[in-house]
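Only one chain comes next, encoded as structure tokens, the form predicted on its own.
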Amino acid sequence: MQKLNYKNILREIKPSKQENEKVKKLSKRMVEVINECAASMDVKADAMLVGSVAKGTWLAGNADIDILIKFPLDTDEKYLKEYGLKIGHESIKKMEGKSEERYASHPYVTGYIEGYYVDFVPCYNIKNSDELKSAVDRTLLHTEYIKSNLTLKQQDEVVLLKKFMESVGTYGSEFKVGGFAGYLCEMLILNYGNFTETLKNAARNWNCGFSFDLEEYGTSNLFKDPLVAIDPVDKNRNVAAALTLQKMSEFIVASENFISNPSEEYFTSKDIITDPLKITDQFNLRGTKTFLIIFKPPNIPADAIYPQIKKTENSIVRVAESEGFSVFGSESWTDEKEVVLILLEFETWDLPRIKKHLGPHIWIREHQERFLEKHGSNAWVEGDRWVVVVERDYVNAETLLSDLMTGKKSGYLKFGKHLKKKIMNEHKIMDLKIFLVSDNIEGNVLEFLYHYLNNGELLFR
């Protein structure tokens, strides 16, 4: 195996000394400001820096600062939420930043301060998982566990792993990615020792259902996920629960490719073609027909939008195929604020007016009688089954999509909970080729289309 100069790579992907000092200084000041605000409000709460910044495992230019506002265990939940938000807003105001409320397991405040996003999240000050009251409480234990067990050298190994995963498109446990969480990356380095061994083991030893258990709790059999990583601070939790089989498989393939032919390029982003004409040419060469369903997303948290879009997309595909149209592929994208795109690429989009309808076997007498009462002499026998010609409800895929989106056939479609009204009220169905010659197509949409066309490209260098 070719040797790489990881020191050179780390110089590029780790925060510089200047960036590190700036982030640490800001984090320390924010903790102090929170504690001052809590004291001025006579609230029993104190702050703690958590996440990758606290653990020394963050990537250059990617310092999202996470601070927990810890309340005593006997604090009323309503009080915790109210004063957690008040302290967050007041702290951001003192630092002359901009604040925005968001929602996870409970509300929290995000501030944009001195060029960085800082999350102020209220939680209970738990000492072990038995005291857990909300999912965010566990973050305290995660930070303490990693800081206690990860060596300085291994912090660099985590940075290498995170950057590799980011470059091959498998990093991030949010629904829109379905990949590896930062904490899971840290656990993998603790389990295998370093970056190279992690990739070797993934490439050669992992399979669907593979598990590891750092503290040897013996609870892996409780889970049926593609990868099982028992949380060292909570034996009843799989840290890899959000990891999809797709992203696990992609990581295994990329790991094998890297081990076989190591390259520094695996730690850099690939060039993305965002020329509408070139993307149009690629779609033309496929000989398929692609439609976009376009609508505005509902005003709900981002983490809730993605599963609802995916549910709607999958349901459209199922209905289209049940009507006889062959769907080559589908995907969806949103900027979370202004637009949602659901892409549907058809192998067959126009169908004959008629189709064969298979009836019962000839010796199932009761069913046969009902079938013949309905179809009479129009039916015939093929092998041992009755067959009849019937007219299709839809001979054109675009007509079907229009009826699904306007409600004429919506009873067949499973919309995401908050999407139905949005789609019914206002949507467009566009041929992709027409969309690509429209004005003001943003770069992110073109990147989405490029990745759809080249969905395995990131795994190779």
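Numbering starts at 1 and runs along the sequence shown. Because the structure is a prediction, the values reported are computed rather than measured.
FYI, the form predicted together with another copy of the chain isn't displayed, but the following is about it.
Query raised in the report: Any idea which of 306-314, 121-129, 381-389, 172-180 reaches within 4.5 Å of another copy of the chain in the predicted bound form, heavy atoms considered?
Result: Correct option: 381-389.
Query - Asn205, Asn261, Asn299, Ser322 - the one with a heavy atom within 4.5 Å of another copy of the chain in the predicted bound form - result: So the residue touching another copy of the chain in the predicted bound form, by this definition, is Asn205.
**Report entry** Listed residue (Glu82, Glu144, Glu197, Glu256) with a non-hydrogen atom within 4.5 angstroms of another copy of the chain in the predicted bound form
**Finding:** Contact check passes for Glu256.
Query raised in the report: Among Gln18, Glu32 and His106, does every residue place a heavy atom within 4.5 Å of another copy of the chain in the predicted bound form?
Result: No residue of the spot touches another copy of the chain in the predicted bound form.
Report task. Verify the contact flag for Leu245: yes if a non-hydrogen atom of it lies within 4.5 Å of a non-hydrogen atom of another copy of the chain in the predicted bound form, no if not. Result -> Yes - in the predicted bound form, heavy atoms of Leu245 and another copy of the chain come within 4.5 Å of each other.
Report task. Indicate whether another copy of the chain has at least one heavy atom within 4.5 Å of a heavy atom of Lys224 in the predicted bound form. Result -> Heavy-atom contact with another copy of the chain at 4.5 Å: absent for Lys224.
Query raised in the report: Are any of the heavy atoms in Asp213 no more than 4.5 Å from a heavy atom of another copy of the chain in the predicted bound form?
Result: Answer no; every heavy atom of Asp213 is more than 4.5 Å from another copy of the chain in the predicted bound form.
Requested in this report: Considering only heavy atoms, tell me if Lys355 and another copy of the chain come within 4.5 Å of each other in the predicted bound form.
Outcome: Flag for Lys355 set to yes.
Query - Sequence-ordered residues of 301-337 touching another copy of the chain in the predicted bound form, heavy atom within 4.5 Å - result: Residues within 4.5 Å: Phe328, Gly329.
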